[in-house]
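As structure tokens, one chain now follows by itself in the form predicted alone.
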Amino acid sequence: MNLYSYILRRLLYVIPVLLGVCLIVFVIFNVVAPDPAFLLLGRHATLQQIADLHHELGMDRPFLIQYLDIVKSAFTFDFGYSWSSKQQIWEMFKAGAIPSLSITLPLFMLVNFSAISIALLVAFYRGKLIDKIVLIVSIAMMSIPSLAYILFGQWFFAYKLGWFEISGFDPSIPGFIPYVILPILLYVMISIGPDTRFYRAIILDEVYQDYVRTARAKGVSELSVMFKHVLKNAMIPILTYVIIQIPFLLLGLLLAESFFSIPGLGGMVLKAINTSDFPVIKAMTILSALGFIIFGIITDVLYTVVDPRMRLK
């Protein structure tokens, strides 16, 4: 199938999927969730106050109209206004995206590059001391809660040693750099353990394949085997794992942004949850779903790039 025809067909599939996502979001927040009027006004609110708030928020309209509003917002990216801050949600997203990406983007590149490099190294020396040490260290790092890393990092590296800023954010360039170095380093430590184990398992699975034994029998050097054969054939699961992380980049890091007072999307979502700001949560849910759909299409297209045997159907 032609690449453009495939992409067009997959994009057309986005429409029913997005309609289904909107329906799920509508049911969760408009049918299953508690009445936001009670959450916003408190238990001592009068019936008249509740009715007035329902009318103000448009909750007294027919369910079909409310569902169509969600669908419209998903296709136009006009998510309305926040209940708590009264700001336009899209403007809030644009303001929070830069602080979030200033952490998640370098973190994403550092973790994946480091984890793949370490996994290749230990696969090259599989079964030897360095492989066992990396495996033990990875498991040990995975066993420590994320909150422990953040609290210790703030106390020791920022408070005791004074090497980094303990909290806050400067939106200017390069003023933001001192504020994001410590969160990035801490989350590299949090993420590199499980990622290294994952990539190691993928690469070792390829190392024991028949084509690797054939390449070695033909006298191909071990380095060529690892980089030209093993890594190339391991790219399908690696691509899947890497690209599926990309939508999370815009979600930000909830704990890091909260503890380091970084005004990103993660902190904004956490605040929306605490204040029952349903429009913000709905918008983030829809954008996340759309991100997964779009990057799923990109993943399928990239499969054909790294493995010519695969065909788009």
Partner chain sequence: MKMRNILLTVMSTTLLIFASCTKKQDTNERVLNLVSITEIKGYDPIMANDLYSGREISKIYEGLLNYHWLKVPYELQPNLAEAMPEASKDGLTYTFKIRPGIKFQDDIAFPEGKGREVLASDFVYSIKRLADSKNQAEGWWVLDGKLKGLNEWRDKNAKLPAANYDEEVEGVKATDKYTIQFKLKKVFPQFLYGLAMPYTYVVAKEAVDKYGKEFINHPVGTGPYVLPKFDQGKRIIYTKNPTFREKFYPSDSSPELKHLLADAGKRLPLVDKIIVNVMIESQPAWLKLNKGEIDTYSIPKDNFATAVKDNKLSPELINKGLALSITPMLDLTYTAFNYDNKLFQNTKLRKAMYMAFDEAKSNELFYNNTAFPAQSVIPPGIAGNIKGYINPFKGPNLEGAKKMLAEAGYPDGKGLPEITYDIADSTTSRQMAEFFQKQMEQIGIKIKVQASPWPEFLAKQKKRSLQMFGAAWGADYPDAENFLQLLYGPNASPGANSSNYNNPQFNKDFEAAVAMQDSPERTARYEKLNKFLAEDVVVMFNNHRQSYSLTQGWLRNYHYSDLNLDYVQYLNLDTAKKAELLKKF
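Every value quoted in this text rests on a predicted model; they were computed, and no experiment measured them. Residue numbers count along the first chain shown, from 1.
The next section is about a form of this same protein that is not shown, the form predicted together with its partner chain.
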Interface membership of residue 245, its partner chain in the model of the complex, 4.5 Å heavy atom rule: no
Please run the contact check for residue 63 against its partner chain in the model of the complex: heavy atoms, 4.5 angstroms, yes or no? no
Give a yes/no on whether residue 288 approaches its partner chain to within 4.5 Å in the model of the complex, heavy atoms considered. no
Determine whether any heavy atom of residue 127 comes within 4.5 Å of a heavy atom of its partner chain in the model of the complex, and answer yes or no. no
So, a 4.5 angstroms cut-off on heavy atom distances: do all three of 46, 158 and 181 pass it with respect to its partner chain in the model of the complex? yes
Any idea which of 279 to 287, 22 to 30, 52 to 60, 65 to 73 reaches within 4.5 Å of its partner chain in the model of the complex, heavy atoms considered? 52 to 60
Consider the chain as shown here, without its partner, and state which of 109, 151, 189, 220 has a heavy atom within 4.5 Å of its partner chain in the model of the complex. 151
Taking its partner chain in the model of the complex as the reference, which of 77, 211, 227, 163 has a non-hydrogen atom within 4.5 Å? 163
Note that its partner chain is not shown here; using its position in the model of the complex, name the residues of 85 to 109 with a heavy atom within 4.5 Å of it, in sequence order. 85, 86, 87, 88
